[in-house]
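Single chain ahead, by itself, as structure tokens, in the form predicted alone.
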């Protein structure tokens, strides 16, 4: 059986601690579950350091270790806690090499979650990192992408922000683009929205005969627009970027803007509702649900039919 995302991360971490004199910092990393089975069952002597529950202090310790050359992994177990951790990572680690010529190779594993997590811990928040120079951002959802992120880190001396989502941990397959000659819409999906987009595409085909191209976005920064993306957008004349983060001031709108400029086709953005998520199910604010994606694309394709599209034959 193919290795899952969780197993891949665990193996990468184990090898780093054993072979590279690496370190892993975080809160409750050795508690029940070992962060979804992503942390090897190793000791402090072997490189795992349990930090206190002072969220504003942990990142500073990890950054200090990175400045010493130890290439630490820093686990932020709820991505909402990034708001507490941001200052040392974004205001120092990301700027260190450019301003002072001192590399700060820190591998930030920031874990998104949803489903009754409440107003502080829930959701993905990679968009807050997007505006800071000096730190690339990726959102892996497959074993291969986790390996790619790690290989990038080990071949560079920069910090990297890895926006993980716990829904990816059981995934044991890769996600390739799905491109069709006669598609109606081109979807660009980020983080756990990739899983919802795949399901939504099936429902759209079954319920309305709507065919969807799907591109899985791994690198958020730098985001590279491929010729294949442009061709697909020009043929469909309609695009949608879906994210597990908020769309206002976020990655989905930023990427949609770049795609729209490059292709000339309208590209919309869909992310979390602009409200705080609660603990109760009816107050939750999860990744855009399948039905919401389906309904939006149905409405967009109807509107597209009423407006002449000069890109269809481009």
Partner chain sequence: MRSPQLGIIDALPQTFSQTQTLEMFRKCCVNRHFEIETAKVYDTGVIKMPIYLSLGQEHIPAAISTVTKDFRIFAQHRGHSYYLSFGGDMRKLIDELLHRSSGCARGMGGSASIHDPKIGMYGHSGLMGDQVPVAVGMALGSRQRVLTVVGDASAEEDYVWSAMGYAATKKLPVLLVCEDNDLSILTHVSTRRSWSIVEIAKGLGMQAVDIADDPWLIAHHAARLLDRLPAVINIRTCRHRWHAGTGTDEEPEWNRFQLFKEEISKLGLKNEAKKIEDETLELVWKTWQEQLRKP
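For clarity, every value in this text was computed on a predicted model and none was experimentally measured. Positions refer to the first chain, counted from 1.
Omitted from view is the form predicted in complex with the partner chain, to which the following refers.
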query: In the predicted complex, the one of 248, 262, 31, 56 near the partner chain [non-hydrogen atom within 4.5 angstroms]; finding: 56
query: Selected contact from 267, 272, 35, 63, since only one has a non-hydrogen atom within 4.5 angstroms of the partner chain in the predicted complex; finding: 63
query: Partner proximity in the predicted complex: residue 52 to the partner chain, non-hydrogen atom cutoff 4.5 Å; finding: yes
query: Contact test in the predicted complex: residue 300 vs the partner chain, heavy atoms, 4.5 Å; finding: no
query: Residue 98: touches the partner chain in the predicted complex, heavy atom cutoff 4.5 angstroms; finding: yes
query: The partner chain contact in the predicted complex: residue 92, any heavy atom under 4.5 Å; finding: yes
query: Candidate stretches 274-282, 35-43, 249-257, 22-30, one within 4.5 Å of the partner chain in the predicted complex by heavy atom; finding: 22-30
